[in-house]
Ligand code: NAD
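The chain below stands alone and is given in structure tokens; this is the form predicted on its own.
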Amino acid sequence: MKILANDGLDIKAVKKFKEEDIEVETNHYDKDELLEVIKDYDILIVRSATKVNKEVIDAAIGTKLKLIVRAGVGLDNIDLKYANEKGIDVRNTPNASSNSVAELVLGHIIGLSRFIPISKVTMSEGAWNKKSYTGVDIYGKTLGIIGFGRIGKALADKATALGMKVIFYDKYIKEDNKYQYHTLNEVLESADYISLHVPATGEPLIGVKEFSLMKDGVFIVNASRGGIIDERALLDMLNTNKVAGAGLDVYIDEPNPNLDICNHPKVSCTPHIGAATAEAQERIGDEIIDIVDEFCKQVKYKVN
């Protein structure tokens, strides 16, 4: 059996597969190259960089490929429906990165509240803007979490430990033993900080209308998927002080985000590194090992 980990894989997982006599290729192939080599592999593992669209799936039809694994949570870079129609199973690793993403969001929240990102920039330029950077405490503030899955709940626990009040909205989850459900509009109207944890839908969830409902001076963080926030509307809200700060780990155009946003003094930006911790990558590797082992057992069963 052969695995192509086109966007890399934790070294411990690679070692484990080799011990099981499973060949693992970790070199990255661009789109045209991938179309040529995909036929040689039983399993394709990708992160967010590789786009597994209809063209890639078509190149794999009738070949060895039977499983695609997303080393992460979101599946928007994989045409899930088309892959399933063609008999190719698609799996992800939903548990591994929850803590790491939640910690990054909290980092953006604290950084924005205390001007940490922009202070680094201006001090590097020789400025001492002590009087300009009077921040705010997060203690006692209301954090509105939109999307209350694993990451949202992990963030809620961390924020609560720091003295924040947490409310949430989720399209499917209406009750929770620890945290209070609100409608989307209620979260937008009540929260001092808003954090987004929803899948990509093709249309922005947060646009001009939604910004108009928010408090003046709200902070917003997006570490889910680019396109959840209307980036043009966000720039307008930052420039008019409706939004006091935005923490962004994801963008509409990756890896070439809008530099007007990245260079904005009220934006804390990171290059889609929510799951980029050593611990998360090891956990992702462990989940992938379990997925592949299960797949191998199924294949053996079908052969027998």
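As the structure is a computational prediction, the values presented were derived from the model and not from experiment. We number the residues from 1 along the sequence you see.
There is another form of the same protein, the form predicted in complex with nicotinamide-adenine-dinucleotide (NAD); it is not shown, and what comes next is about it.
message: Just checking whether K209 would be counted as a contact of nicotinamide-adenine-dinucleotide (NAD) in the predicted bound form - the rule being heavy atoms within 4.5 angstroms.
response: Taking the distances in the predicted bound form, the answer for K209 is no, it never comes within 4.5 Å of nicotinamide-adenine-dinucleotide (NAD).
field: Residue contact check: K266 to nicotinamide-adenine-dinucleotide (NAD) in the predicted bound form, 4.5 Å heavy atom
entry: Output for K266 is no: heavy atoms all beyond 4.5 Å of nicotinamide-adenine-dinucleotide (NAD).
message: How about T183 - does it come within 4.5 Å of nicotinamide-adenine-dinucleotide (NAD) in the predicted bound form, if we only consider non-hydrogen atoms?
response: No, T183 is distant from the partner.
- request: Tell me, yes or no, whether G135 is in contact with nicotinamide-adenine-dinucleotide (NAD) in the predicted bound form, where a contact means a heavy atom of each within 4.5 Å.
  value: Contact with nicotinamide-adenine-dinucleotide (NAD), no.
task: Considering nicotinamide-adenine-dinucleotide (NAD) in the predicted bound form, find the one stretch among 234-242, 274-282, 39-47, 23-31 with heavy atoms no farther than 4.5 Å from it.
output: It is the stretch 274-282.
Interface residue in the predicted bound form among V52, V250, A60, L67, criterion: non-hydrogen atom within 4.5 angstroms of nicotinamide-adenine-dinucleotide (NAD): Checked against the cut-off, the match is V250.
message: Give me the residue from V101, V221, I229, L143 that has a heavy atom within 4.5 Å of nicotinamide-adenine-dinucleotide (NAD) in the predicted bound form.
response: Checking each option against nicotinamide-adenine-dinucleotide (NAD) in the predicted bound form, the one that comes within 4.5 Å is V101.
task: Would you mind checking 173-194 for residues with a heavy atom within 4.5 Å of nicotinamide-adenine-dinucleotide (NAD) in the predicted bound form?
output: Contacts from 173-194: just I173.
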